[in-house]
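Just the one chain here, laid out as structure tokens, in the form predicted on its own.
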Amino acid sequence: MEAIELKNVTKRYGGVTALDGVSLTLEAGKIYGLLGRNGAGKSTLLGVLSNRIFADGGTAFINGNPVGSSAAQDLLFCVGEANYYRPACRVKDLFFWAGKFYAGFDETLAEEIAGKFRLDVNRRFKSLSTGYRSICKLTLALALRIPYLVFDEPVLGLDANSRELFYTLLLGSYAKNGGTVVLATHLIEEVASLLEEVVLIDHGKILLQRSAESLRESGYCVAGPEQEVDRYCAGKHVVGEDRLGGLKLAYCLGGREPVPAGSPLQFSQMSLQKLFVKLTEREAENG
């Protein structure tokens, strides 16, 4: 089976449970958004997949291979905040060695991408700014033909132009070469248009996994006088509420029912960002 599978994966750091019995399947050929607050468990989950972190319990597989096997790690490339490169290496040397370790690495393409980002390939990695270190790692990933590309907060330190360029190049690469992409980020609105499926994690648990399209279609906000909003929302899946002056705003998932002509209620689409905020607020209140 071509998929990433986690089965009841648990990871603890002392008294903190970073992953709490996580079971998850990421099918091949999609762009996933792994969304969560800081400390929600995103980096730990990706660390388990990339074999940089060892789980305390449960199992994880890539295309049926245990994540600790060379067969699994040959299928996945992970870009994260940590730097695993020799500081004294020049960028062009990193490109050279990437080609030795990964048969699917295109050194010529890496040079082209570096030029688009204005990344000086003769600079040593240690001399790069935080933003250009991120760009260097992203360039390595974008020049690599591999089934699974995993990004953990990939645009750290990048300005708006560089972030936009990364998203454009990533989408172009995906459209041309396929594969599976996992984007772990808290910049939800920036990546919302790229995502095909959303996985929301909080306090080490998966809160939901749904297609981005279904979430966009089913999430909406209803606003109006409090009693009218409460009457409309009775029996509906309300994920959060706000109050502004004499008005109440309710955030709902599910079908939107018609209201009589002249109703004071107003409706608007709920963004993925707002859904994320309201669901994680509710978890915090309950937990």
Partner chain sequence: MKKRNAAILYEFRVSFPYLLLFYAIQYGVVAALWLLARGVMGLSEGRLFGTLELCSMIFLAVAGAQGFTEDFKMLMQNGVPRGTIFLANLALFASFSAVMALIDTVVLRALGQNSVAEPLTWALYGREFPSAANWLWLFLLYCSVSMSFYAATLACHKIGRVWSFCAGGVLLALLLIGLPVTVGMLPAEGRERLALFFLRLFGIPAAGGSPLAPFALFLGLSLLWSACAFGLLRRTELR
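Being a predicted model, the structure only gives us computed values, none of them experimental. Positions refer to the first chain, counted from 1.
Below: the form predicted together with the partner chain, not depicted.
*4.5 angstroms heavy atom contact with the partner chain in the predicted bound form for Phe117*: Residue-level check for Phe117: no, no contact with the partner chain.
*Is there a heavy atom of Lys30 no more than 4.5 Å from a heavy atom of the partner chain in the predicted bound form?*
Answer no; every heavy atom of Lys30 is more than 4.5 Å from the partner chain in the predicted bound form.
*Consider Asp74 of the chain shown here, and say whether it contacts the partner chain in the predicted bound form, taking contact as heavy atoms within 4.5 Å.*
Contact with the partner chain, yes.
*Counting only non-hydrogen atoms and a 4.5 angstroms cut-off, does Ala103 reach the partner chain in the predicted bound form?*
Within the cut-off, so yes.
*Is it true that Leu128, Leu149 and Gly157 each have at least one non-hydrogen atom within 4.5 Å of the partner chain in the predicted bound form?*
Not one of the three qualifies.
_Within 4.5 angstroms, counting heavy atoms, which one of the listed stretches 222 to 230, 52 to 60, 32 to 40, 244 to 252 is next to the partner chain in the predicted bound form?_
Comparing against the partner chain in the predicted bound form, the contact stretch is 52 to 60.
_By the heavy atom within 4.5 Å rule, which residue out of Lys92, Arg210, His186, Arg86 makes contact with the partner chain in the predicted bound form?_
Checking each option against the partner chain in the predicted bound form, the one that comes within 4.5 Å is Arg86.
*Considering the partner chain in the predicted bound form, which of Cys78, Leu215, Cys136, Val181 comes within 4.5 Å of it through any heavy atom?*
The residue from Cys78, Leu215, Cys136, Val181 that makes the contact is Cys78.
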